[in-house]
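Take a look at this one chain, the form predicted alone, written out in structure tokens.
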Amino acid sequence: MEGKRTLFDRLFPGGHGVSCVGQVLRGWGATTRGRVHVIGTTDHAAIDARIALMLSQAVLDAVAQGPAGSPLPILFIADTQGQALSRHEEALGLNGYFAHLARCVQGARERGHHLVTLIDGEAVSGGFLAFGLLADAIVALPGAEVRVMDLRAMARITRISHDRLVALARTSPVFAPGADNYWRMGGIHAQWRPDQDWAALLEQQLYAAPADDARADLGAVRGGRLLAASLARQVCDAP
């Protein structure tokens, strides 16, 4: 938590109150335009059913506590090694807990909360997909590790040799882990440098005007996903 406290000091020089229960963060941060909700994970958390429920409750509480007609922005902190890998969690129906968490996040968006994710540490697999990746804007901090599936695991699932996947990853970000590749695909909106004013940048993201999801278009502009946006438009325009 000490590393996160230093992060919050930099993000919220006006003050903050974020508590840590286990590996779940929740609280508030003060910007020049008012307070925002802070919800997330720390210490490379493996998201199990208990953590998924704690995150869901934090999102629901943020929605319930918001002033009428003026929902506060929500800052998600993503630091997760992915879903908890155990037979016990699978037997509990971990996918259902993740679906509930995703619905809570979408419910907050539909009620007017602007959602921003900061990746601080790791953002891996289902633990990221059902939470931080659903935000309106996603920012990777220096040193962030982002991936959905390790290439060796991908090789086992796809039956494509590991060497072939490594070769593909050199030219296609779709096959490659790393924040740079996710930025190229449009999955990450921005990467912040250590020398920048993070408090000012965060405030710009938190209070940005609502916009449609343009990540597929970003992927085309940045050369990481050349066909996703155009194919989506063809499908939408089809009779």
Partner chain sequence: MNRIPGKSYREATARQRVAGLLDADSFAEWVGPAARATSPHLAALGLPCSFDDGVVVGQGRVEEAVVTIIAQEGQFNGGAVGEVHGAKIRGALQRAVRERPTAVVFCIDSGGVRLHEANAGLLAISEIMRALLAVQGAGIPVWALVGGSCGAFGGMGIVARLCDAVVMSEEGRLGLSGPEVIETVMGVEEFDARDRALVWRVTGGKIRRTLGEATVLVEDRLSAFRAALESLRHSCPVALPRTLDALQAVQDQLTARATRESDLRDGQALWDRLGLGADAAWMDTAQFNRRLQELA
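Computed from a predicted model, the values in this text were never measured in an experiment. Residue numbers count along the first chain shown, from 1. For the two forms, the rigid core is made up of the largest set of C-alpha atoms that agree within 1.5 Å on superposition.
What comes next is about the form predicted in complex with the partner chain, which does not appear here.
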Residue 234 versus the partner chain, in the predicted complex: is there a non-hydrogen atom within 4.5 Å?
yes
Should residue 110 be classed as touching the partner chain in the predicted complex when contacts are defined as heavy atoms within 4.5 Å?
yes
Can you work out whether residue 20 and the partner chain are in contact in the predicted complex, taking contact to mean some heavy atom pair no more than 4.5 Å apart?
no
Does any part of residue 57 reach within 4.5 Å of the partner chain in the predicted complex? Heavy atoms only, please.
yes
Heavy atom within 4.5 Å of the partner chain in the predicted complex - the one residue of 77, 139, 104, 144 that qualifies:
104
Do any residues of 213-239 have a non-hydrogen atom within 4.5 angstroms of the partner chain in the predicted complex? If so, which ones, in sequence order?
213, 215, 216, 225, 226, 227, 228, 231, 232, 234, 235, 236, 237, 238, 239
Once the core is aligned, does residue 111 move its Cα by at least 2 Å between this form and the one not shown?
no
